[in-house]
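Shown below, as structure tokens, is a lone chain in the form predicted alone; questions about how it binds or moves come after it.
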Amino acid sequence: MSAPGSALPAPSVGVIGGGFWGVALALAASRTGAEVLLYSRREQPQLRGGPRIVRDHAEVARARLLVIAVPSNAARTALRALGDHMDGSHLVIHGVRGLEGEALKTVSDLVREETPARRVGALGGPVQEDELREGRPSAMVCGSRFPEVHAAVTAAFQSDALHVYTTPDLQGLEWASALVGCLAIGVGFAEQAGAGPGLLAALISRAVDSAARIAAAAGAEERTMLGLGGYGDLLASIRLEGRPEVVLGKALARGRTLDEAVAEARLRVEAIPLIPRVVAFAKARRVDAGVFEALETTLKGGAPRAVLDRMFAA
């Protein structure tokens, strides 16, 4: 992993998705001086003087760097609509923590299937929506096999408040981001259920080890899960009380139903539909997924003590 300098002029950036995450990414890019177009169906009065709202895919596709910031279950439709206005000159990255369908396709897979773009990448790491929106110091990771994608993302997002690290293991970063989203639910659940620092450290260490083996079974490099995009991202969740997955885990440990916990989380939690699919994926490949099986029990309303016992026995 490296942290290249920003040698390119401020680029034009197109962000697709007017939710909290898309708005936060658009604001972060606009702080570097980039011309930012935000494709959104919603009114965004808070953005006056910053990113420009557009309603047309052709218009947002005028930007060379496109950032996909929609839920994984809407990504294919969004990319299909966008693809008619793109060509091979576009660089496409996404900040989606989910994997699509039972096949667990990454969003970069969908970009290649639905658009002519081939230079693709993903964003990951510990940075949170509120940190980007408010310009508070943080770090994120860009995964791509293409140096020009790393350079464009660094030029578009790196600032005094945000450091961009890079890795060539795109698939590893996408899987790490998705799996950490699942494991952060366990961190919130364990904290609320009374686990102290020692038990949390044990849980995180065992969970990351399990996630690395699952990611490797999908073709990723195990060490990516052990870096900032995996271990670092999960470690940060201990202090990120507002992280949606942590909020959801804590709510479940307090006895809330899944619907009530989702409402408290405020943002969509990609991990909810993903956890059972990860368990099935691991079982099919005979990879231990005990921690994820415990998380599946958590979503079904398992009692805190019983779930914790299962997590630490995994």
Partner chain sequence: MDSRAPIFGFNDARDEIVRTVVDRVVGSTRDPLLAMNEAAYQEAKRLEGSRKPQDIRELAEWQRLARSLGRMHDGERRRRLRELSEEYAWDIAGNFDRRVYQLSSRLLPPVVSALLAPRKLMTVVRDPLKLVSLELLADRVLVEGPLAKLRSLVQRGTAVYVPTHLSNMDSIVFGYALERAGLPPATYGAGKNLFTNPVLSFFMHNLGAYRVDRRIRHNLYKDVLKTYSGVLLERGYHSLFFPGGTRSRSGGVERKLKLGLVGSAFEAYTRTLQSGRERRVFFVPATINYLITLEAETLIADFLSEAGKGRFIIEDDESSRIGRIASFLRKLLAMNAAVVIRFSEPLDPFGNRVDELGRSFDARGREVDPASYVKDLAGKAVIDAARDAQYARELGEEICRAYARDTVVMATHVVAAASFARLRSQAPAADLFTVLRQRDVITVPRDDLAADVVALCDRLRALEQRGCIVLGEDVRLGSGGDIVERAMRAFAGYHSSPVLDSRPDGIALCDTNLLFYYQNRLAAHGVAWDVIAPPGVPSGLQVQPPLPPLEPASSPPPLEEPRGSASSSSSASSRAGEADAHVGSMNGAGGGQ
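All values derive from a computational prediction rather than experimental measurement. Positions refer to the first chain, counted from 1.
The protein also exists as the form predicted together with the partner chain; that form is not presented, and the subsequent description refers to it.
**Student:** Among 198-206, 157-165, 185-193, 107-115, which stretch has residues with heavy atoms no more than 4.5 Å from the partner chain in the predicted bound form?
**Tutor:** Answer to the contact question: 107-115.
**Student:** Work out which of 62, 254, 266, 52 lies within 4.5 Å of the partner chain in the predicted bound form, going by heavy atoms.
**Tutor:** Result of the distance check: 266.
**Student:** All three of 100, 228 and 239 touching the partner chain in the predicted bound form at 4.5 Å, heavy atom to heavy atom?
**Tutor:** Judged in the predicted bound form, none of 100, 228 and 239 sits within 4.5 Å of the partner chain.
**Student:** Wondering, does residue 124 line up within 4.5 Å of the partner chain in the predicted bound form on heavy atoms?
**Tutor:** Because a heavy atom of residue 124 falls inside 4.5 Å of the partner chain in the predicted bound form, the answer is yes.
**Student:** At 4.5 Å between heavy atoms, is residue 69 in contact with the partner chain in the predicted bound form?
**Tutor:** Output for residue 69 is yes: heavy atoms within 4.5 Å of the partner chain.
**Student:** In the predicted bound form, does residue 213 come within 4.5 Å of the partner chain, counting heavy atoms only?
**Tutor:** No, no contact at 4.5 Å.
**Student:** Considering non-hydrogen atoms and a 4.5 Å limit, does the partner chain approach residue 234 in the predicted bound form?
**Tutor:** Flag for residue 234 set to no.
**Student:** If we check the partner chain in the predicted bound form, which of the residues in 238-260 reach within 4.5 angstroms of it by a non-hydrogen atom?
**Tutor:** Those in contact are 242, 243, 244.
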